[in-house]
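Shown below, as structure tokens, is a lone chain in the form predicted on its own; questions about how it binds or moves come after it.
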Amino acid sequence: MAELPVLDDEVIDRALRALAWSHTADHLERTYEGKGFVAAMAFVNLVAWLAERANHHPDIDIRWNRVTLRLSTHSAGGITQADLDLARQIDEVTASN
């Protein structure tokens, strides 16, 4: 598979208007807050399934009922279309729950 190019800030910010993610210098970030630890872990398992299907894996930080996800294409050195695509998929499943 060919390496995806790193997107410029304008493209990323425009795409994020429709997503529940923030943009830092080198990654996308979102924090999900569940009703407790079990809900947070269920969310992590759902994200794991989506990530594995996409072959694109976020950094995940779990703090009891809060899960922070960070998306970046490490091999490309920044944010690529793969990050935006996975962010969109995660938003779609969280909106339906």
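In case it trips you up, residue 1 is the first one in the sequence shown, and so on. Not measured: the values here are computed from a predicted model.
The form predicted in complex with a further copy of the same chain exists for this protein as well; it is not shown, and the discussion that follows is about that form.
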query = Contact between residue 35 and a further copy of the same chain in the predicted bound form at 4.5 Å, heavy atoms?
reply = no
query = Going by a heavy atom distance of 4.5 Å, is residue 31 a contact of a further copy of the same chain in the predicted bound form?
reply = no
inquiry  = Although the partner isn't part of this model, could you tell me whether residue 59 comes within 4.5 Å of a further copy of the same chain in the predicted bound form, counting any heavy atom of the residue?
reply    = yes
message = If we define contact as a non-hydrogen atom of the residue within 4.5 angstroms of the partner, is residue 27 a contact of a further copy of the same chain in the predicted bound form?
response = no
message = I have 44, 48 and 70 flagged as a candidate spot, so tell me whether each of them has a non-hydrogen atom within 4.5 Å of a further copy of the same chain in the predicted bound form.
response = yes
request  = Residue by residue through 11 to 34, tell me which have a non-hydrogen atom within 4.5 angstroms of a further copy of the same chain in the predicted bound form.
outcome  = none
